[in-house]
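A single chain comes next, written as structure tokens; it is the form predicted alone.
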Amino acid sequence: MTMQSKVTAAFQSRFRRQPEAVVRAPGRANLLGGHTDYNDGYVLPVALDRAAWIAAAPTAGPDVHLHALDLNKSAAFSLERISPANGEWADYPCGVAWALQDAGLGLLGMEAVLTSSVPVGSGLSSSAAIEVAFAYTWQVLSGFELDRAKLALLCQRAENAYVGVNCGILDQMASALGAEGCARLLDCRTLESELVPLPRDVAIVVADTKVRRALASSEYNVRRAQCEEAVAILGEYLPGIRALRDVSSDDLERHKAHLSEIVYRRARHVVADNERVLQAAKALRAGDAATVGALMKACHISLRDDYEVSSPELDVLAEAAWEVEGCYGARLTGAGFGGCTVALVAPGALPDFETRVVAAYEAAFDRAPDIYACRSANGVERMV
């Protein structure tokens, strides 16, 4: 059964009518640009063929009735009285409704069923996929016009101000603006973006540690504060900078004595990774997968050593991938602390890749990772 058939059948069973819309919004893997988005930097995400799916129909009043098929949990709220977040799955649709209405958009109540093939807590942006899917579903059912970038920004606001995770714009923009066959080079300050073609002879392979982290209570917000501290200090010597995006490697080295060791290392990762993103986009345009892979490896090492957001499980997956002939490169994707790695692999090397990476992980941790060979996908879209 396809995901579309699954969510449609579940809606019919639960609400005893046909859905008026079926919407899918993809998860994403970020090829390069680890923790650069909230530093006004550059990222290079790919929307994946793993997605959140919603089947929905409007109601006559302001009430919203939701069912999460994978969790077998339901939630209900009124658009007229949205309560504060309480740490449950429905915080994401509630937050989206709050953000859309706060922007002056009129929403209809709805009945909806949600299912997703994006593993929760894996670093593939399951939360952003859900946010974007609900925002676009409300757009379809309520009949307002909203461009994809604005929709992504409102979903980010929902996660920042309602859910309480101080994320950057990467995840929501990737889910809203993905394109099959391409990565998207995104400037997180201006929101200008450019599609960059992916090599046709390269597979995107995600390896899931199955170690989950609660992003809201992780070290994510600590890293963001450290970056802001670096900017505040460097701003005394580099007038006019607004974020680490404005700092070059030469600038950082020239003024590193003013930073504590830990803040310097955090800044060094972000500054270098911004440079790596731009180099990788250039290499993709030239069809040079080997250079992109080398940059991915350098990114992982930097995230491991300077930004300290890797984990033993992620390191084993990445290091095993680097040893496979036909794997161009691999790195952790997402915020880190658990979740997944992403690799670029020649299709003929896929069987050997899976065998060797799984064996290395089992030897280290006595359990197997999940391996997903993924395809690039379009961003959020209405299917029915």
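Under this definition, the rigid core comprises the largest set of C-alpha atoms superposing within 1.5 Å between the forms. Quick note: we count residues from 1 along the sequence shown, nothing fancier. Model, not experiment: these values are computed from the prediction.
Unshown form predicted together with a small molecule; subsequent notes refer to it.
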query: Heavy atom within 4.5 Å of the small molecule in the predicted complex - residue from 130, 299, 151, 158; finding: 130
query: In the predicted complex, the residue from 139, 310, 193, 126 that sits within 4.5 Å of the small molecule by heavy atoms; finding: 126
query: Listed range touching the small molecule, judged in the predicted complex by heavy atoms within 4.5 Å, from 75 to 83, 115 to 123, 267 to 275, 230 to 238; finding: 115 to 123
query: 4.5 Å heavy atom contact, residue 144 and the small molecule in the predicted complex; finding: no
query: Contact flag, residue 71 vs the small molecule in the predicted complex, heavy atom cut 4.5 Å; finding: yes
query: Large Cα move at residue 15 between this form and the one not shown, threshold 2 Å, rigid core; finding: no
